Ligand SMILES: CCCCNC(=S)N1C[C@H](O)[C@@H](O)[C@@H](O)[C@H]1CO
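Below you will find one chain, with nothing else, as structure tokens; this is the form predicted on its own, and questions on how it binds or moves follow later.
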């Protein structure tokens, strides 16, 4: 009972401790000592060894566990972003509840005795949907993001006037744990180089947060010229393979005095669908960290715990072609996607212990893992059979197809429908000109799946049909660009499709609310829908199952399935793309599962082809790298600047 009492006592004392600190706020400070190239915390020399994690990639019930493991690792600070689109889903509508409760997360960090380096954007990259910018900005199609465009600045000002006052009490000199705040994010990589925009942001931050808080910028070496700004402390980011001496020497041209800071030291890397799972060796990561700490530099490790792109929240890169990010954001980080310590963590802790004290005591063991299955799923019905439930308000009519943004569909899927104006006897090419599919279209004629038309791919479909045949195109938003482009990433059919020589017109758009269907309708006893003997194309499958033993974290494995979306007990786990890889399993936190005595329900929307045995399994280990993705390269891109198989991939920002 003693540990429980201690925990309760700690939670009671925290508000009291903050209250006691507030009258002494004038004695609390975090400043740059330029004369000695260091930080001062409350007047004493200070260096932070920090790690990144994203509260929006970790369910709230797991925050405390992840933060305590980071503190045990020897970190004295954490760094995290605030994604604007996560908190303002519609203009003027704000959500800071549940796993979006930013203040609760700051409180958990305080309980773990961790200082905070905050990165509120407005743009964050982070391999997150649209780099954290809300897609409703694109309802004004001519808007210029991340510039002095008045429409963009008005939205940013409105958002920060809500966000920044919330965090003001948590600034370090006010008694909180936020020691510094980043303005924008790697702006030098955007190539807009709009200093008026950066000055506007800096002025806004100062007006809302005051003069005492340390404001900084972060850029890669190539972005320092356009990303830095007088009055904001300049920091840099690079990984273990980069030339530390050369980069820090370059940094000194922009920040001649003060501590050296690497704001993103890469412990691993992100994954794209269709490429290998990225890793960074333990020896390289630890050696680089030790070399920086020997210089007296402050370092933030990106990522220290990656987490998961649940739902539709993954972003995408554009490096010659469109590259969507996987559901897993494991990142080969020191703390795994499931929250377990890795050998990399213990090695980094050993390095940190050479330079500062680390907490004593054993690290909590890995969470219990569970195996279950195989579970055979039952066919629920074709997506088209549920159209009235998926789009209860009915379709939107237009001569030409409209984008997701034009009909206020932010994520997921939209169905486009028209009818053939004449009979086509011979297979006839169907395509969308000017790379006008964003991002992936599943084509059906009279309900029969014909194939896929994909962004940046030359492949065409060949269709036949009768006069009046129903042509359905289900378009999937695979994640808006988070890095690598100055252009807005609209979704859907950006141009009218062409069949033979005919431009197809007279469209109906059905914005689909699939999550609502899964959560509210599928638990009910729906009528049986007619379906073909061998269904293909967008089709729902589901199954209820009990857990007879103890519940643990687990990893959903979908052998033989092609591509789709999966829900557990109504919670959207995210995308699977078994055929493409590298990720073969989806992380399922144990709190999503009901224990003994209750039935769990899994629902799949398979978009293409179902295996002969429609089964899934729950494994006790993840599979993040499939052999089917080894050495795979897309070479049929429409873009003229497509990378060849032998060219190195340009690194993404964050």
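Just so you know, these numbers come straight off a predicted model, no measurement behind them. Positions refer to the first chain, counted from 1.
Keep in mind that the form predicted together with the named molecule is not shown, yet the notes after this line are about it.
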(request) Three or more ligand atoms within 2.4 Å of backbone or C-beta counts as blocked, none as open; so place the named molecule from its pose in the predicted bound form by superposing the site C-alphas and call it. (result) blocked
(request) Considering the named molecule in the predicted bound form, find the one stretch among 316-324, 495-503, 392-400, 440-448 with heavy atoms no farther than 4.5 Å from it. (result) 316-324
(message) So in the predicted bound form, is the named molecule close enough to residue 431 to count as touching (4.5 Å, heavy atoms)?
(response) no
(message) Since only the chain is shown here, I'm wondering whether residue 483 would be in contact with the named molecule in the predicted bound form (any heavy atom pair within 4.5 Å).
(response) yes
(message) Test of understanding: in the predicted bound form, would residue 185 fall inside 4.5 Å of the named molecule by heavy atoms?
(response) yes
(request) Find out whether any non-hydrogen atom of residue 285 is located within 4.5 angstroms of the named molecule in the predicted bound form, and reply yes or no. (result) no
(message) Considering non-hydrogen atoms and a 4.5 Å limit, which listed residue (490, 355, 205, 269) is close to the named molecule in the predicted bound form?
(response) 269
(request) Could you spot which one of 576, 233, 302, 404 gets a heavy atom to within 4.5 Å of the named molecule in the predicted bound form? (result) 302
(request) Check each residue of 383-422 against the named molecule in the predicted bound form and list those with a heavy atom within 4.5 Å, in sequence order. (result) none
